[in-house]
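In structure tokens, the next block holds one chain alone, the form predicted alone.
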């Protein structure tokens, strides 16, 4: 059987769930899981379905065509269908911090992340030994103010050459240009601490420690041209107190970053995220 995931976003009205599932049944498909959400303020409908069809690419192509003409057009739907057995291709961007990279590659090696990783791209050589340990190609592309445009173009060329579906910024300490970001909409995931905007700068944990914060957090989001303002996928917090020093803050923060980033990656790979109005609907 061909296992697929169908994501739907459209104006809300009665009968959408029944219409879609009955349509799938009429085309000899079987719906195995459904989850839906309605934004009452905007009157928008969101749905994620897991379906099974005969393992026949021609029949599936005909289903997609019929769905587009008969269902999507009638309901003004934005929709996407994904093959659940096909592993997407993911590129990882890193700089010098290694904690997120180690975590992602370990989860990938254990089979937790159902994805292919054709390459790791970095503006420094510091983490090349990690890529070698996991036998993943490592590409060093230095980035300076003078060569930023050329460096990004080389990165883009590599991503397109390898047909990359998802880009993960695993503590990549460079700001991507608008030209770069617009070529991969909702396909670039970033991770950072959640002290912004209160504690910006190079040492946010030190600033937060001096202020006596009681909560440390991490946020993972899709990258947009507005720095750190993209749709949020996942967040997590941990409590701290006067007994913790700056090093405790940093260690707890790095643990959170690993956990939150890996969750965001999994949610994206499992097609559980729908983006609208710079927000996300994240299905369970």
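Remember, predicted model here, so these are calculated numbers, not experimental data. Residue numbers count along the first chain shown, from 1. In this text, rigid core is short for the largest set of C-alphas that superpose within 1.5 Å between two forms.
Keep in mind the form predicted in complex with another copy of the chain is missing from the figure; the text below concerns it.
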Even though the partner isn't displayed, in the predicted bound form is residue 56 close enough to another copy of the chain, meaning a heavy atom within 4.5 Å?
no
Are any of the heavy atoms in residue 134 no more than 4.5 Å from a heavy atom of another copy of the chain in the predicted bound form?
yes
4.5 angstroms heavy atom contact with another copy of the chain in the predicted bound form for residue 76:
no
When the contact criterion is heavy atoms within 4.5 Å, does residue 66 count as touching another copy of the chain in the predicted bound form?
no
Heavy atoms within 4.5 Å of another copy of the chain in the predicted bound form: which stretch in 68 to 76, 151 to 159, 205 to 213, 171 to 179 meets that?
205 to 213
Out of 177 to 201, which residues reach within 4.5 Å of another copy of the chain in the predicted bound form, heavy atoms considered?
195, 196, 197, 198, 199
Tell me whether residue 142 is among the residues that move between the shown form and the other one (Cα shift of 2 angstroms or more, core superposed).
no
So, does residue 244 move by 2 Å or more at the CA between the shown form and the other one, with the core held fixed?
yes
Did residue 197 shift 2 Å or more between the shown form and the other one, C-alpha, core superposed
yes
